[in-house]
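Shown next as structure tokens: one chain only, the form predicted on its own.
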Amino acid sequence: MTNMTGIFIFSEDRALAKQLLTPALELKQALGQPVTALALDGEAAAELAGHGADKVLVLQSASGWVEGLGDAVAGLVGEASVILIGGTQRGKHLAAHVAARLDAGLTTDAKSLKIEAGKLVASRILYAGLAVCEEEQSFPAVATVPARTFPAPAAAAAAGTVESVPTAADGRIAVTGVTPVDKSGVDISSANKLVSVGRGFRSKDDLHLAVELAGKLKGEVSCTRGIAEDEHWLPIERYIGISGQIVKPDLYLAVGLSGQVQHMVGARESKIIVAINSDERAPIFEAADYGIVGDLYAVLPLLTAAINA
């Protein structure tokens, strides 16, 4: 297959691949170029075709490992204007390979994308959220986009075409073994309501106050790094922050946590942030939409009872 022009998207994560269609379709309006999605199987391809991709190429590879598809993807997108790749660990590996092969610029963890003066302008967060950097790239331009940065688009009026492409994997890369990560509990990144706990709780037993409130809200409990890594009161999967989970719930109830920037990087994009803290000068109140200055041991039972009523 010859190189094609346009906007390309790829992620081995199906949910993230669909989310990439949203910025890709916006760039399509600016550039007047088609959107081509790359997929690893027919089911994912049909989903992408039904949500706005003009064409979907199913990469038929004997290995199936994303890490070995760098040369193949670079060959397909060689004349593309923009290549958007899901910002997973495997996706970032692939993006770096593709950018190097194309002698193209690469922006990682892009939060916004636009076209200005015939170039891609992408913004990303720096210094744990203290600054925003804008990077300008000539075409071809490669960018990785983290999960949940954009919502998935609605179903398209007409589905795009789907085509299978024989794909040769890089023989130098082999995966000799896979060890699944042993995760406990739920994926808090998909929760719509979170009650997040910090060091304002005096003991692990007291966390039942947050658990009960989260249950009434039909949400989940999350925490700061100190609660997960230092105290070991909750699993590491529930830790929110710069090196933990990034969440975007409809409601983020921050209880007994100070709101340091390292934590708020993971929660700053919540739709509504409600803070409960006995210290009226706590940084969390600067980030909160609503705040309650008070003892969490008095406030949480009252909130739970009010919701119950």
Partner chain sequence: MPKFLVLYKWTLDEQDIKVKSDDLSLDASRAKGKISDFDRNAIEEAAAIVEKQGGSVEALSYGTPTVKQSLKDVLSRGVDKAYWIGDASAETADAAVTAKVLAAAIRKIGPYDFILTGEGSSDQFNQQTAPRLAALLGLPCLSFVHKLEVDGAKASVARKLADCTELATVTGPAVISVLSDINKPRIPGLKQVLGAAKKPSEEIALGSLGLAAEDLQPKASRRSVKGFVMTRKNVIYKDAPADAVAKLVSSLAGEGLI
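Numbering follows the first chain given and starts at 1. In this text the structure is predicted, and so the values were computed from the model without any measurement. Throughout, rigid core stands for the largest set of C-alpha atoms superposing within 1.5 Å between the two forms.
Keep in mind that the form predicted together with the partner chain is not shown, yet the notes after this line are about it.
The partner is absent here, but in the predicted bound form a heavy atom of S138, alone among S138, S190, S112, S164, sits within 4.5 Å of the partner chain. Only one of V121, L209, A152, A72 comes within 4.5 Å of the partner chain in the predicted bound form through a heavy atom, and that residue is V121. The partner chain is not drawn, but in the predicted bound form it has no heavy atom within 4.5 Å of L257. Although the partner is absent here, E280 sits close enough that one of its heavy atoms falls within 4.5 Å of the partner chain in the predicted bound form. Of the heavy atoms in I273, some are within 4.5 Å of the partner chain in the predicted bound form. Taking the partner from the other structure, the partner chain in the predicted bound form has no heavy atom within 4.5 Å of any heavy atom of G160.
Exactly one of the stretches 200-208, 225-233, 152-160, 75-83 approaches the partner chain in the predicted bound form with heavy atoms within 4.5 Å, and it is 225-233.
Residues of 273-304 lying near the partner chain in the predicted bound form, listed in sequence order, are I273, V274, E280, F285, E286, A287, A288, D289, Y290, G291, I292, V293, A298, V299, L302, L303, the criterion being any heavy atom within 4.5 Å.
Residue displacement note: E136 has its CA displaced by under 2 Å between this form and the one not shown (rigid core superposed). E116 shows a C-alpha shift below 2 Å between this form and the one not shown [criterion: core-superposed Cα displacement of 2 Å]. Relative to the superposed rigid core, K216 undergoes a CA displacement of at least 2 Å between this form and the one not shown.
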